[in-house]
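First comes one chain, alone, set out as structure tokens in the form predicted on its own.
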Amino acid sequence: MIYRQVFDVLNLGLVILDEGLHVCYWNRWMTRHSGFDCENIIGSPLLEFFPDLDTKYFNRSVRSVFKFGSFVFMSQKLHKYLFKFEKKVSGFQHMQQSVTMGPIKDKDNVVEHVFIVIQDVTEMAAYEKKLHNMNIKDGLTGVYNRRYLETRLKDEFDRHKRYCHALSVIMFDIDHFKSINDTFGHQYGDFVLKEVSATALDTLRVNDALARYGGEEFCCILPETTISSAMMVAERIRKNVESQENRFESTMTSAKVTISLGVSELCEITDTHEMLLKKADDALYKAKREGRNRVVSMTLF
């Protein structure tokens, strides 16, 4: 191919296929990231080397280019990647890719080949993910922040109210947290916040959400969960926190802490998500008044 020297220095993947999906061109970028030399793959069916590509979407896209001479664009946000190349960056297991497919026509304007251009956008995707996390995550504990909590709770409230599904909320805070800071210092206090939130997060399901509401106070959103089930979850969190030894290696400080928890459930007369949250908060303060280190539920009548 006359332009091969140029194509081989591009920081992009370039693949050219015939109508039978045989590889007609495979540039050096593709060799570097796939591990397949052009001498071995050119002339062979692409799907023999990449069986994961044998999907309705990929086959339909290629046929569309051959039939209509159109272009197909695959964004990273929607498709993540086309070729499954390993590249572990900021939580990604595979290279994130932006992909373009287009026609190569002969002198009679008939599509005889399809080209595929692959751009590595992993670093950009990782940066966007970092910015997104900064907007929704608490900087100290790594759990969701209050802004995310309020948005998520409203969405869950509207959805569960519409379909009459169960929804419960747990509010909890660390008992005598000011005393912990005063006794052991704020550095240890920050460590305790991270330990307690991590323990609570480990107790929850994947679809649940844990957010730092403010200071030493946290909130759990439990979709599809009745108040009786939420009480059991809250009790597990309480026991797990109470049993752990919070040992801070840099200062060799170690102490046990307890938490108080309040639980509320969505019901027919719950008009707003703020009301649901307030009832959990009321239950939390009832738990604190009754001696702390306990779970209390609040039912709306």
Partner chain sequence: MEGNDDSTFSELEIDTLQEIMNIAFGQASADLAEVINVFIVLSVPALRLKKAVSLSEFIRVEIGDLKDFKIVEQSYWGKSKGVALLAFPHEAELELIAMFREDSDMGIDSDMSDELDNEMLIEIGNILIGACVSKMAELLKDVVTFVPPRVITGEQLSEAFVENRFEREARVILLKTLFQIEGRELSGHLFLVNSLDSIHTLKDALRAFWKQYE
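A quick note: this is a predicted structure, and the numbers were derived from the prediction, not measured. Positions refer to the first chain, counted from 1. Heads up, when I say rigid core I mean the largest set of C-alphas that superpose within 1.5 Å between the two forms.
Although it is not shown, the form predicted in complex with the partner chain is what the next lines describe.
Annotated contacts: 64, 77 and 105 all touch the partner chain in the predicted complex [non-hydrogen atom within 4.5 angstroms]. Although the partner is absent from this view, residue 32 stays clear of the partner chain in the predicted complex, with no non-hydrogen atom inside 4.5 angstroms. Taking the partner from the other structure, the partner chain in the predicted complex has no heavy atom within 4.5 Å of any heavy atom of residue 258. Residue 148 belongs to the set of residues with a heavy atom inside 4.5 Å of the partner chain in the predicted complex. At a distance threshold of 4.5 angstroms between non-hydrogen atoms, residue 239 is out of contact with the partner chain in the predicted complex. The stretch among 184-192, 212-220, 78-86, 116-124 whose residues place heavy atoms within 4.5 Å of the partner chain in the predicted complex is 78-86. None of 201, 166, 72, 153 but one reaches within 4.5 angstroms of the partner chain in the predicted complex through a heavy atom, and that residue is 72. Taking the partner chain as it sits in the predicted complex, the stretch 54-68 comes within 4.5 angstroms of it through a non-hydrogen atom at 55, 56, 57, 60, 63, 64, 67, 68. Superposed on the core, the two forms differ at residue 105: its CA moves 2 Å or more between the shown form and the other one. After superposition on the rigid core, displacement of the C-alpha of residue 183 between the shown form and the other one stays below 2 Å.
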